[in-house]
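In the form predicted alone, a lone chain appears below as structure tokens.
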């Protein structure tokens, strides 16, 4: 349970923080994703964390994958809630479907793309329902 909750929360933080640094602090998507991912990886590698060894080893991978979601353009997705939702979906996919992406080359990017598409689809569906 702690692993599931930790991975989903990490997904939410990874996607929203990357989007915030990229657009609000004007650092650009690549610098934001790479810089924040490096920071998280260094923190979890060198500092003792009050979480389990498994979660401590998993969080940097989840953060990097979720940061791919935060690299999206503000014209495509600018809602922080949907950004967090996409990060949570990514965490769920990472836990339960990552073995499907073995051999695809970029499993983290594929899971991030699917999570983002699900969020955009949910937004389109919500706007269609609101118009009726």
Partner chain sequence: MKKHTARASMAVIFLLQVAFLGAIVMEKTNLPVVLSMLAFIGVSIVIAWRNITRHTHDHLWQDIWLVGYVAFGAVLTYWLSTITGTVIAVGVVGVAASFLPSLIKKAWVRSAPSAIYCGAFVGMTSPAVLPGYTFILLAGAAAGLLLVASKNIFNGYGGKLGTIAFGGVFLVVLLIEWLWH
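Residue numbers count along the first chain shown, from 1. Remember, predicted model here, so these are calculated numbers, not experimental data.
A second form of this protein, the form predicted in complex with its partner chain, is not displayed here; the remarks below concern that form.
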Does its partner chain, in the predicted complex, lie within 4.5 angstroms of each residue among 69, 113 and 124, using heavy atoms as the measure?
yes
With the partner left out here, check for me: in the predicted complex, does some heavy atom of residue 53 sit within 4.5 Å of its partner chain?
no
Going by a heavy atom distance of 4.5 Å, is residue 76 a contact of its partner chain in the predicted complex?
yes
Spell out, yes or no, whether the shortest heavy atom distance between residue 60 and its partner chain in the predicted complex is within 4.5 Å.
yes
How about residue 84: is it within 4.5 Å of its partner chain in the predicted complex, going by heavy atoms?
no
For the stretch 25-57, return the residues whose heavy atoms include at least one within 4.5 Å of its partner chain in the predicted complex, in the order they occur.
30, 31, 33, 34, 35, 37, 38, 41, 42, 45
